[in-house]
Ligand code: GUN
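Quick setup: one chain, the form predicted on its own, written in structure tokens, and binding and motion questions come after.
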Amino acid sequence: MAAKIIDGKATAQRIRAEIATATERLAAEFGVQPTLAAILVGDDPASAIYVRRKGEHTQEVGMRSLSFKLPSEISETELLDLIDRLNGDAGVHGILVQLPLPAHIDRGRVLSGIDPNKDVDGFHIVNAGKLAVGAPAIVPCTPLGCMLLLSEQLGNLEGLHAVVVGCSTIVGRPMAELLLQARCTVSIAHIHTRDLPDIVAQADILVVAAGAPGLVRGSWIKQGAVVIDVGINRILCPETGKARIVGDVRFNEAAPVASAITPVPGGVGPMTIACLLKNTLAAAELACRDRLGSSGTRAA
């Protein structure tokens, strides 16, 4: 039986509709419009497209979108100064710095410079630490999107064996933490893992975020597993000479074996932006609660 295709586009569209309704409510109750500030350093075309798409989706749900396009030669100090100004702006609820950054800028210092309560990418060490100990935190968008898809597909994940291929701080590690919180048994594989096919074969849930096109073969996958392919790789198709997008899993091989699988594109990708908006809304709601708590009255 062919796998069910997990439609990330449809789920993301539903999430955005829910966010739009909540955004209207926030404006009506508190007079607040959730605001997302995106910072792009340099002229990377893919990053520029991604930031523009984030801005469009932000406006579509009724949020305010601020965009800061900075030259690649900007100094780290100047970038941190901008982040500091946005941290202090009560009208800004979420701040994201599009990665990658130019080589002369320390990514860790920049991400740590963002107020953890405005860190809607969920990359700040404070949010990472809270996630690791199971405390409420802003969760990185892609793992959050994966969990929403898994919960929608499977319901209760308790006791299932989840294998995460990839251990980045952006996807792999927070993904493993979220699966642990869902009471899965979790294995993490990475570039130094031995006998990767044997480990993959144990997975009831397989999440692949290795950044390696076609890494996982269909013959490795357990019959009936749910497969979440996070990979987005642009490769040249030898038959046509044109570029195409593929995942880290060989979809045509995996689909006959898995019970459900995300396509690439159209699976996890749309969920990442939807969860960015979800995090921005949550940050705005937290700011409103904090303001209400400090004043004892609602905003006019």
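Start at 1 and count along the sequence shown; that's the residue number. Bear in mind that the values here come from a model prediction, so they are computed numbers and not experimental data.
Omitted here: the form predicted in complex with this ligand. The next part is about that form.
Between 121-129, 226-234, 205-213, 82-90, the stretch whose residues reach within 4.5 angstroms of this ligand in the predicted bound form through a non-hydrogen atom is 121-129.
Taking 137, 189, 105, 96 one by one, only a single residue has any non-hydrogen atom within 4.5 Å of this ligand in the predicted bound form, and it is 96. Taking the partner from the other structure, this ligand in the predicted bound form has a heavy atom within 4.5 Å of a heavy atom of residue 54.
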